[in-house]
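A single chain, nothing else alongside it, follows as structure tokens in the form predicted alone.
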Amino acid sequence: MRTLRIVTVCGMGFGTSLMLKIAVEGILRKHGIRAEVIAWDLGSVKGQPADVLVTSRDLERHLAGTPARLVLIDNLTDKAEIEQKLLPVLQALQHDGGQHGM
């Protein structure tokens, strides 16, 4: 199985996306899931390969049509929400062999 690629996204690529990246990496460690986690800005993420995009709900319309699975977070400081929304997506991708979004 290949390594999943998770991209955290925000408008500029160095604030919210880095905060999400740290939270996602913690969730991955906690559950023993291997994945590459990258923080990008909204302009750079389009056209880049990713299995999962994690971002704030207010960016949803900018990411419409992406082949990656979207995990939309309402409260970016709520690690429980991030885990609750991200974990089922990662488990489904692992079950499917990570064949989405590329």
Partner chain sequence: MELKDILSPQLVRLGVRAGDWRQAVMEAGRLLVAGGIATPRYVEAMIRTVETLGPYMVIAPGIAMPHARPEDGVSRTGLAFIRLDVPVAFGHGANDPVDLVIPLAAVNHDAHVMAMAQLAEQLSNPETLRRVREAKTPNEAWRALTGVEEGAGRG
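Worth saying up front: this structure is predicted, and the values here are computed from it rather than measured. Positions refer to the first chain, counted from 1.
Another form, the form predicted in complex with the partner chain, is not on view; read the next lines as being about it.
Full three-residue contact with the partner chain in the predicted bound form, heavy atom 4.5 Å, for A50, R69 and E83: Not a single listed residue reaches the partner chain in the predicted bound form, so no.
A35: touches the partner chain in the predicted bound form, heavy atom cutoff 4.5 angstroms: Residue-level check for A35: no, no contact with the partner chain.
In the predicted bound form, H31 touching the partner chain (heavy atom, 4.5 Å): Result no; H31 lies far from the partner chain in the predicted bound form.
C10 within 4.5 Å of the partner chain in the predicted bound form, heavy atoms: Within the cut-off, so yes.
Partner proximity in the predicted bound form: M19 to the partner chain, non-hydrogen atom cutoff 4.5 Å: Yes, M19 sits close enough to the partner chain in the predicted bound form that at least one of its heavy atoms falls within 4.5 Å.
Residues of stretch 60-90 in contact with the partner chain in the predicted bound form (4.5 Å, non-hydrogen atom): Going through 60-90 in order - heavy atoms within 4.5 Å of the partner chain in the predicted bound form - the hits are R61, H62, D74, N75, L76, T77, K79.
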